[in-house]
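This document opens with one chain alone, in structure tokens, the form predicted alone.
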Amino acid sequence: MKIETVLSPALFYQIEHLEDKVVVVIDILRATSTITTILHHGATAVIPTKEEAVAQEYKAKGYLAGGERSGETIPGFDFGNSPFHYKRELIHGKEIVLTTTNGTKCIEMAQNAYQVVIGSFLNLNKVVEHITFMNRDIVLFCAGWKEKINLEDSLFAGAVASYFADDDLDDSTLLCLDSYKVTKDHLFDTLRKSNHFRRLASKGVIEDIEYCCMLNTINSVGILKDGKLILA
């Protein structure tokens, strides 16, 4: 198994033979953590879109819509990008449309992969179990922040790579793995230094960050199928 890590969307174009690979999309703060939570809370599917206008069209048809831009909830939407917005009693049995600054764009970019998997610390073990079962080359696709590398997504890529240390890891993956090894026991404190932590903290959502750093609280994994994210 070969594992490549893409540290920002700006580098994704370099991936060859995407149709043969499994892509794990990573947007820890907060899109992929939120998607994992939505599916865990019983939504039948999440419909990801990078375009706010497309989400608005779904909302006009009666869908529940979540969305944010630059960390702020889009006015008029039912939810933002906080996992705490998506309570089970509100979303169980429903399809949710979601548009975010970084994560949903990356899901669309990766849609031609053999399979797209949604990654978060919340279900790290399940993500690893799933991609091991797939037995294909893996791309760990970090959403970053507006095309730039960020700390939290890179650390998650390292966390995944720690399960595959004996496989063929590219240099980006090795960088992430080494970073994860020295931070894994104090992940939240490490992220306090990050730019995105400061951005979100300024909006009063530190509780979101603490939640997104929790390990293996969810025993399911989302995958993209026919344009919708569903439980594998």
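The first residue of the sequence shown is number 1, and the count goes up from there. Please read all numbers here as calculations on a predicted model, not as lab measurements.
Beyond the structure shown, there is the form predicted in complex with a further copy of the same chain, which is absent from this document and is the topic of what follows.
Although the partner is absent here, Thr44 is not a contact residue: none of its heavy atoms lies within 4.5 angstroms of a further copy of the same chain in the predicted bound form. Contact annotation: Leu64 falls outside 4.5 Å of a further copy of the same chain in the predicted bound form, judged by heavy atom distances. Contact check for Asp170: a non-hydrogen atom falls within 4.5 Å of a further copy of the same chain in the predicted bound form. Contact check for Asn150: a non-hydrogen atom falls within 4.5 Å of a further copy of the same chain in the predicted bound form. Between the options Ile223, Met214, Leu18, Leu11, the residue in contact with a further copy of the same chain in the predicted bound form by a heavy atom within 4.5 angstroms is Leu11.
Out of the listed residues Val54, Ile206, Leu174, Leu187, Leu174 is the one that sits within 4.5 Å of a further copy of the same chain in the predicted bound form by at least one heavy atom. Stretch 150-158 is the answer when you ask which of 150-158, 112-120, 94-102, 131-139 has residues with heavy atoms within 4.5 Å of a further copy of the same chain in the predicted bound form. No member of the trio Ile38, Thr73 and Asp78 reaches a further copy of the same chain in the predicted bound form with any non-hydrogen atom inside 4.5 Å. Here's the thing about Asp170 and Asp166: their CA atoms end up at least 3 Å closer in the predicted bound form than they are in this form.
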